[in-house]
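A single chain comes next, written as structure tokens; it is the form predicted alone.
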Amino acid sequence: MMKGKVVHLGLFGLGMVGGGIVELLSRKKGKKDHHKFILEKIVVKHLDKERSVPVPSHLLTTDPREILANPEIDTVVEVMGGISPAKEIILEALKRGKNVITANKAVLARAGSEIFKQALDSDCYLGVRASNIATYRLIESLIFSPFQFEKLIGVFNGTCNYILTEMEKRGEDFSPILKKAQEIGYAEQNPSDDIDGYDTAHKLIVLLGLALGYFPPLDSLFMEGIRRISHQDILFAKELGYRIKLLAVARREDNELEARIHPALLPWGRGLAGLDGIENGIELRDEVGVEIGMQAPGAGKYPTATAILEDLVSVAQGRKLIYPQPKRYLTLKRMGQIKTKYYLRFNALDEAGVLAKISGVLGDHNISIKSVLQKGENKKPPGVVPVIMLTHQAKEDDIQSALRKIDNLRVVKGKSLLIRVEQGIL
């Protein structure tokens, strides 16, 4: 029998995920596995911090050099989070010839091209499964498939999906549900990364980088979060046969790439619309029409730690980094040029002729209405009612131009709401 490889590890970060990694490695000790993983050192911020996982004190240090300058440590696991010093640590480890496994989608999204290039130059393995734990089992399909993807849509943020699910279940608006999510640890005290779409954008960029061979800049993607979604919108969407999800959408067409993050209506009972709580998922269709998808928890120490462990096994097996070389760079399609269907909510005066005025502006901008809901009860403020419209496919520029005119009508009060409509893949 071939002797298993011994992998000597240095771990950066001992929070929830780092603790999960230590637990899983501890469970593997004594088992007759083909490979052996030895945890040599753990870099933490505070040596005397109380931890959920017992760790011998001699393993802990606050000095990154005790890992980076140690020639016996051949593999670095980075789960400390943040941009800096995580980026510098990853690059330094690769330059020193150490394999790197990271869960840090923010660093990969911002510096993925530089990091992968350094891994290639140093002939090191770079493991990124844990950067997108709900979809990582499809990562190799993105890289190795002989066919390019045509469309990708995903629910990539457990915090947002939890908030939208609870708004639906509890009949409450965004703010109280966000507060509850913060209290139970599903949302950070500063929740912007999640609810404003940054986390979803980071994950989409990493997947695009693996599929295309280059990482589109973060500021080149259209991004919109869920702050303006109300319980009222969730009810109206349900009445129309939809659920609201925060989606990542990417589509290739000829030499163009469409990439966007925003709330969207998905048909009730199909694919990603069925995800509840912190569940995440992805659906893919390639250029020859093959469709695949998967669903999985989008957060948690064990799912993330398991993804890390799978990359560690790849290191032990001697697998080399395989990263697609860009065949050609795609032009990023301007958001104003995309075409889709739209959910529109107007707060309008409850008087005759309102629908005609709104419909007239939409018609002047080549926007055709599919269906209308007008609610006369529970007027807040008094005399104002919500008017909901679903459109047929229209161009984003036309919709935005029409809404600017509609919001200036005397009969419309406040800023109108737009939510795009997607059909999904599966």
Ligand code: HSE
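Here the structure is a predicted model, which is why all the values come from computation and not from measurement. Residue numbers run from 1 along the displayed sequence.
Unshown form predicted in complex with the named molecule; subsequent notes refer to it.
Using a 4.5 angstroms cut-off on non-hydrogen atoms, would Lys245 count as touching the named molecule in the predicted bound form?
Heavy-atom contact with the named molecule at 4.5 Å: absent for Lys245.
Is the gap between Asp194 and the named molecule in the predicted bound form 4.5 Å or less for some heavy atom pair?
Result yes; Asp194 sits at the interface with the named molecule in the predicted bound form.
Any non-hydrogen atom of Thr159 within 4.5 angstroms of the named molecule in the predicted bound form
Heavy-atom contact with the named molecule at 4.5 Å: present for Thr159.
Taking the named molecule as it sits in the predicted bound form, is Gly127 in contact with it (heavy atom to heavy atom, 4.5 Å or less)?
Contact check for Gly127: no, nothing within 4.5 Å of the named molecule in the predicted bound form.
Residue (of Glu166, Glu92, Glu283, Asp199) lying close to the named molecule in the predicted bound form, criterion heavy atoms within 4.5 Å
Residue within 4.5 Å of the partner: Asp199.
Check all three, Pro263, Arg345 and Arg420, heavy atom within 4.5 Å of the named molecule in the predicted bound form:
So, no: the whole triplet misses the named molecule.
One stretch from 68-76, 234-242, 115-123, 149-157 that, in the predicted bound form, holds residues within 4.5 Å of the named molecule by heavy atom
Answer to the contact question: 149-157.
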